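Given next, in structure tokens, is a single chain: the form predicted alone.
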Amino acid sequence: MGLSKCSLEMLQEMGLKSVEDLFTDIPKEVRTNGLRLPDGMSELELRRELGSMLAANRTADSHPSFLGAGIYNHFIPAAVRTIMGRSEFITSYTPYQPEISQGMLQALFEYQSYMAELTAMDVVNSSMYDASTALGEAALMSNRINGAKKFLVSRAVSPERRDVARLYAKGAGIELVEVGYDRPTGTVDLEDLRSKLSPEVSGFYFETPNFLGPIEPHWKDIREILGQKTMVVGTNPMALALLRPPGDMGADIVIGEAQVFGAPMSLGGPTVGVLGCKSEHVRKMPGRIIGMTADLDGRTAFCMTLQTREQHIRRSKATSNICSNEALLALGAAAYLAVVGRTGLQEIAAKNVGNMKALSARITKISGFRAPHFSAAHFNEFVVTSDEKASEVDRALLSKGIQGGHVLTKHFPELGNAALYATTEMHTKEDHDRLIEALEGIR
């Protein structure tokens, strides 16, 4: 195929004689002789082909899924998807030129306002990548607040979340130390927390509800034990429609995962991390904060009030090297909360609790199964232990077209044959019936 005049001029400008000269750095033995693509299809034929391929997938719509462990299946109103799909939002990515991104900035301001109200924190940034990186940033932030080089983390949190935080802390020379959980309740082991406090500790991270399901009842005790050290609390924002918010209990920093507000599961991502803090710590906060102001004509306008990342200021002054945020998903979370409203959110959260109580009570009645494993109150997730191996139970359920709970054997061997089950407002009584029937068959 002959080269166009433009292509020839480009080669000449680069001092090259042919297109082949562009690839001299690539060894000939690893090159391919073009791409062997099949013949093209019409749009109708392509739709049929893709439909046939996708039919092999097992989805939460076609097969009941009780897998949670950080990603949850919640109903997403059509209005949320429509708003997120608008061209002025879906293409704006991140507002590098805020003066022409007023719509996106206002949406992010509303997201911050909603999350600040839910968590009862003074300030919430305009989102993090996910809850795992938010925890890593919280550990660094705790170190910046008081300079101490140890950070305590509850064992009853996601192992993956803990690993990400450890990776973040390593570069800063911060040591993560694990604090155990109380076996009967599944909540923080207060005596273990006391024993691991020292002047070298900057703060402590725990969750409510935690990864294993229990809601932490000992907030006041933990706050008293920590004294002036930083209390970092992780939470499921959906549960805050019913629970007392972390800010009211003395939390210095709050993190969470707002995937529950309008983001699909999408095989585990993308998600949107929440990070909020008290006003006195705002200069130690990573990411960006959107503020409301007025333009020269006195009209309401929005701006980036804080953007302490290395792309905007000197590296030595940056609080984080986070390169972006989850702006579109944060906008989706704001749209979700606006659509469902305060009462609607409470009703959804209450349905989650009701489903958890109903399902766990039915599982416990099956010989060889016990649920929930811990005695503390739960939100929508709970540990199920069984006489059979958890991995075998999982395989048996999959063979019946049901996705069971997250097997805990690898990371929580002390629990024995255990799996973490989640149920949300998406589950019907018929879904529960299918699971119970399948578990009875396994017995």
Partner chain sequence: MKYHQAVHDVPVLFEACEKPQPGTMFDATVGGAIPKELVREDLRIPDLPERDVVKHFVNLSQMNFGVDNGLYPLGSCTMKYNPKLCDEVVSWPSIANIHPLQDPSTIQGALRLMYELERMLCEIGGVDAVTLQPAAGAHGEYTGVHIVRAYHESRGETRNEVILPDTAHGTNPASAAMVGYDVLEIPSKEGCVDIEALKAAISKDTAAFMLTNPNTLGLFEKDVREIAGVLHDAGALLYYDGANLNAIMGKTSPGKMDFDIVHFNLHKTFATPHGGGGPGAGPVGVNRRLEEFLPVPRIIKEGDRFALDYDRPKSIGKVRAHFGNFGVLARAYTYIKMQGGNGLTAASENAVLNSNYLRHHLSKDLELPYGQLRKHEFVLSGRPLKAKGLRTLDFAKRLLDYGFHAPTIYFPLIVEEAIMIEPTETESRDTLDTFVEVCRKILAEDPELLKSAPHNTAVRRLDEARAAREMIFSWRAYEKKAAKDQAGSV
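Positions refer to the first chain, counted from 1. Take the two forms, find the largest set of C-alpha atoms that superpose within 1.5 Å, and that set is the rigid core. Remember, predicted model here, so these are calculated numbers, not experimental data.
What comes next is about the form predicted together with the partner chain, which does not appear here.
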Contact test, all of Tyr181, Leu212 and Val384, partner the partner chain in the predicted bound form, heavy atom 4.5 Å: no
Per-stretch contact check against the partner chain in the predicted bound form, the hit in 69-77, 221-229, 363-371, 199-207 (non-hydrogen atom, 4.5 angstroms): 69-77
Proximity to the partner chain in the predicted bound form, single hit among Ile290, Val233, Val260, Leu359 (heavy atom within 4.5 Å): Ile290
Partner contact for Glu175 in the predicted bound form: the partner chain, 4.5 angstroms, heavy atom: no
4.5 angstroms heavy atom contact with the partner chain in the predicted bound form for Pro413: no
Residue contact check: Glu137 to the partner chain in the predicted bound form, 4.5 Å heavy atom: yes
Exercise: Ser154 in contact with the partner chain in the predicted bound form, heavy atom 4.5 Å: no
Sequence-ordered list of residues in 128-150 near the partner chain in the predicted bound form, where near means a heavy atom within 4.5 Å: Tyr129, Asp130, Ser132, Thr133, Glu137, Leu140
Cα displacement of Leu46 between this form and the one not shown reaching 2 Å, rigid core superposed: yes
Is_shifted Lys410 between this form and the one not shown (CA, 2 Å cut-off, rigid core): no
Did Asp433 shift 2 Å or more between this form and the one not shown, C-alpha, core superposed: no
